[in-house]
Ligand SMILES: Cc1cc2nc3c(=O)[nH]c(=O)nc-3n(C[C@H](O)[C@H](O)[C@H](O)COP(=O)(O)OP(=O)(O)OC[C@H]3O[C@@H](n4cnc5c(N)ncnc54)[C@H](O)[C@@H]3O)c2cc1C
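Have a look below at one chain only, the form predicted on its own, in structure tokens format.
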């Protein structure tokens, strides 16, 4: 098995518990993939460099956490928006929902941007509130999905919304100790099931024929070849799309069939730069949105910028926990400008944006900053992006990408999810469980 992220771990647990011998080869020095939690000793709390929120109540995540009595808290607090150079409570949600509800997967597929222009065309007499709602809808689709609105499929977005409704996906939660808690549960289950995990082990070639696989790669001891009857590939789509001369790329010999390449052409790795700023104190507890407003920003949960928030348009705190932490979120074009830059550059852009959105001077912010956390997933050779979305005409491509080949090559990972939860941790886990069933069904020992 290649990859020890959410999909790989969940599949390995199911396969090993069913009696199969399983070995995981993981290129990174850690397990968890894009679940990547650090612990900050100053605030004695987790800091997520990858996935953070539990979207809704998916059983793939809730069940193991509850079985291990891990505390789960719901995101709470006030949402503030910077509109026309004024900080005020966000009040656009109902209008945005009305726009999103107009999306239809029975009509011909189109991009979200085309849908917006067709159903809600700009006009000179258009109400300002509707114009703002359209912009917020655009920002939501771009931000939540890390997607290019001119490419992302409306059909795929509708499938995603339906899947969210089944699990109360409009609610967001966090686990005590962050996603590290879930990774640790999986680690314990893998150990008990006797799964062998090899870290810092990079697979470069998959030489295969029906019923036979040879994996070529390298580890700390040099080059290796590992034979086996089947392989489950759980690497991010970005690695399957990479050219053979790029680090992290996986080359298939012989090549994958045309339907796999067609599916990969319609799947995109979204781009995100997220930055976590740890301050010495919660300075916003005493900030007021305007001098005449009696309410402070102490209960702030989300902070949304206007179009002038040129670097990090979305921010959030750790509410309901009151930690001195702000997280900045830069998706799509914002991430393109930040990816590859130095940590000091990202830090400065983040502080400048936060200073502009909040009533606080930049030198004051700089003096209060304790630490910054950032991980550039676009330039990470073993992810090549944050998480996936589907282009117009590609709604069936996750299923096609996940389809086994000759009961020999099997595929999992969030980009192969067929439940409408592409791009999520629970979607990745579900894909791993689906692939495990396929392997067990194909195995003569099952």
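Because the structure is predicted, anything quoted here is derived from the model rather than measured. Positions refer to the first chain, counted from 1.
Missing here is the form predicted together with the named molecule; even so, the following discussion is about that form.
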{"query": "Interface segment, criterion being heavy atoms within 4.5 Å of the named molecule in the predicted complex, picked from 92-100, 180-188, 202-210, 135-143", "finding": "202-210"}
{"query": "Proximity of residue 236 to the named molecule in the predicted complex, heavy atoms at 4.5 Å", "finding": "yes"}
{"query": "The named molecule contact in the predicted complex: residue 311, any heavy atom under 4.5 Å", "finding": "no"}
{"query": "The named molecule contact in the predicted complex: residue 279, any heavy atom under 4.5 Å", "finding": "no"}
{"query": "Contact test in the predicted complex: residue 16 vs the named molecule, heavy atoms, 4.5 Å", "finding": "no"}
{"query": "Residues in 1-35 with any heavy atom within 4.5 Å of the named molecule in the predicted complex", "finding": "2, 3, 4, 5, 6, 7, 8, 25, 26, 27, 28, 32, 33, 34, 35"}
